[in-house]
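As structure tokens, one chain now follows by itself in the form predicted on its own.
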């Protein structure tokens, strides 16, 4: 049973939490955080949405976004990025950094700098894939607890 206060607060906080989780994932190579932490924050925003909405709404929302696909893409993408290092003769080698690749491949300036988002190379991609895997896994766990609690409440 959700109240109007919970629903209203969720409408305000959930988008902010999801944006903050995305920020942590994307800036993982520049600031403390990364894919796991950002994915956990992102999943907490999704957990808030699950708790604040009705069963039918949650079911309809998550049928559109299959979490197992997100989790598989995260795992395979991470492994693919690790294997991409073989292009540089080493597993996990950051072959995209300083390569001039348009996304995350810009050259890192020499010396002290504020940190540039577009310089992470494969590390940025790995953070994104780990974030996808963690957010899908944690959201699945919360969803299973939600469905079990819902079923037990319906049986009483």
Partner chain sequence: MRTSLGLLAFLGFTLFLLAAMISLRPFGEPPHREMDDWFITHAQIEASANNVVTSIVFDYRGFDTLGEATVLFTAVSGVLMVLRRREVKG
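Worth saying up front: this structure is predicted, and the values here are computed from it rather than measured. Residue numbers count along the first chain shown, from 1.
FYI, the form predicted in complex with its partner chain isn't displayed, but the following is about it.
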Thinking of 33, 97 and 123 as the candidate spot, does its partner chain come within 4.5 Å of a heavy atom on all of them in the model of the complex? yes
With the cut-off set at 4.5 Å between non-hydrogen atoms, does residue 145 touch its partner chain in the model of the complex? yes
Residue 19 within 4.5 Å of its partner chain in the model of the complex, heavy atoms: no
Counting only non-hydrogen atoms and a 4.5 angstroms cut-off, does residue 91 reach its partner chain in the model of the complex? yes
is_contact(residue 108, its partner chain) in the model of the complex, heavy atom dist at most 4.5 Å: yes
Could you list the residues in 40-73 that come within 4.5 Å of its partner chain in the model of the complex, counting only heavy atoms and keeping sequence order? 71
